[in-house]
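Starting off, we have a lone chain in the form predicted alone, written out as structure tokens.
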Amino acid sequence: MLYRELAETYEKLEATTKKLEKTEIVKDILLKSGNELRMVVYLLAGRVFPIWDKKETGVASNLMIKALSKSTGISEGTVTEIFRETGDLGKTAELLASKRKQKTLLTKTLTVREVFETIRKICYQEGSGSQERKLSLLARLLSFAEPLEARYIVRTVLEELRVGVAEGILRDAISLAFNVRPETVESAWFLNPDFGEIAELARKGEEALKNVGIKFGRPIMVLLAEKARSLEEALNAYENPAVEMKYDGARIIIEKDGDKIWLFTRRLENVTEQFPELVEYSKKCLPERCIVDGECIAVSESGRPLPFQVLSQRIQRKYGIDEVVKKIPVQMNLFDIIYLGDELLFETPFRKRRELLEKAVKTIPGKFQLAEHLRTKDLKKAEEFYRKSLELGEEGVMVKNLDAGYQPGRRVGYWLKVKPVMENLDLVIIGAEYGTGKRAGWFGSFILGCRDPDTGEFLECGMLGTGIKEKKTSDTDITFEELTELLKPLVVEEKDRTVRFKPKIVVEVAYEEIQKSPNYSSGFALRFPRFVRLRPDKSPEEADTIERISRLYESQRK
């Protein structure tokens, strides 16, 4: 397939905000994709790997400017000036390609395969001289690109495609293209989060999708929880409930196949190397072949839970692991088992799964243990358990349906979480304004975005400036300077005092109330939003959605 066809598809997608139109456009290109189906699916999502593969191009704006200069023969200074005017390196590339000064000796028509494989090569460049190699690969690709192709090659490499194709539209387009049910596509994707592979299976038919199973060494989507307004409401939601501690840590799925152990977060990140002690505990304490689900928390020497920000240092650490293992000990609290021996337990009621978990795991108190669990419908007993959880320094409790199975990626009908504060939101920082006065030189206020789950776009819902410190007073504080340094590499557009970021940084936000607002693209505004903490354990795809904000607004009115 010619890359020009895909670029024209991107342009059509960018021209409409209607989800049904987008679905039809994606369906049409899938049907034309032939042997490049998997590549086209990845590229439509602005990637060249499945979502669980965290490889990145590592190409920032400065390197892209150099590549555009090298491929067009136009000076870096001129490229930078045009970028300042357009605010978009993709549009800059399109404009420059139409004015290209130098012609390559051999012209060629770009194919989807060549673009895809070149971007993958860029991702694999590491070590000494890697930036020069990336520059060479990128400049060569751009030298062959037509103006429209250049726009989307640049945006894809910068991981800023912005054509409004996310999981919901991909799911529905695959369903339409290959005449399979969207629920079957979604269920297969929950077990194998790779839409490229899912599309290839869907082309073979419904049965091929139904046969998708768990593959050890690959992550799955975890079962998610909804929030309840009160403990009483949560208990009344299920005929047979159980109450468990809610830990302030990182959700981790442990997969064990013989002597092989894998640890995955809810963001589908492989963190096996970051937690060598959990690997050893798993070898000693888990049955030969299983998949268990739980929460890992950082603990003090006395065993008291530490804030999530402390644990996040472990998750993000790539080097000096032995040192940080000693500095920040962890505790694993297992609460579910979803695979045992050769049996998948998704259809098994939670009551039975908990019993299997208790029999299967050899515990190490304080280090590798089972989540504390109480089966009761009695509100007084549940409240006592709830108070105990808070006194121990935990977040609250989970109320779980003992009669329910385990459905990856689902929320409704399985688990409810109860916390003693107004429901905070996990939102993405999508822009900022430069500060003045004491905040001069830093970003002083931040534009928050909620997610549209169908298009993947982030819709404005408020401005954040409270809760961030001008000076650090404790290890858990975040300062304007730190947040500015974290966000600067993500700048994709800058006009006057306002900048826009690649949506990557998730923050937890408290607020007083949600109001209707015509000033923000979501139609809602958070009143008095306050920064609570960074959420490096959550990807932008896990940020709260416009639907959730709408539901909270309605329940608030009631």
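The shown structure was predicted, so the numbers you read here are calculated from the model rather than taken from an experiment. Position 1 is the first residue in the sequence shown; the rest follow in order.
Heads up, the form predicted together with a small molecule isn't pictured, but that's what we're talking about next.
- Stretch 242-250 is the contacting one of 446-454, 256-264, 242-250, 174-182, since its residues have non-hydrogen atoms within 4.5 Å of the small molecule in the predicted complex.
- The small molecule is not shown here, but in the predicted complex it comes within 4.5 Å of a heavy atom of residue 417.
- Using a 4.5 angstroms limit between non-hydrogen atoms, residue 225 touches the small molecule in the predicted complex.
- The small molecule in the predicted complex is approached by residue 371, whose closest heavy atom lies within 4.5 angstroms of it.
- With a 4.5 Å cutoff on heavy atoms, residue 199 does not count as touching the small molecule in the predicted complex; it lies far away.
- With the partner omitted from this view, the residue of 335, 308, 189, 458 that lies near the small molecule in the predicted complex is 335 [heavy atom within 4.5 Å].
- For the options 220, 398, 112, 235, the one in contact with the small molecule in the predicted complex, meaning a heavy atom within 4.5 Å, is 398.
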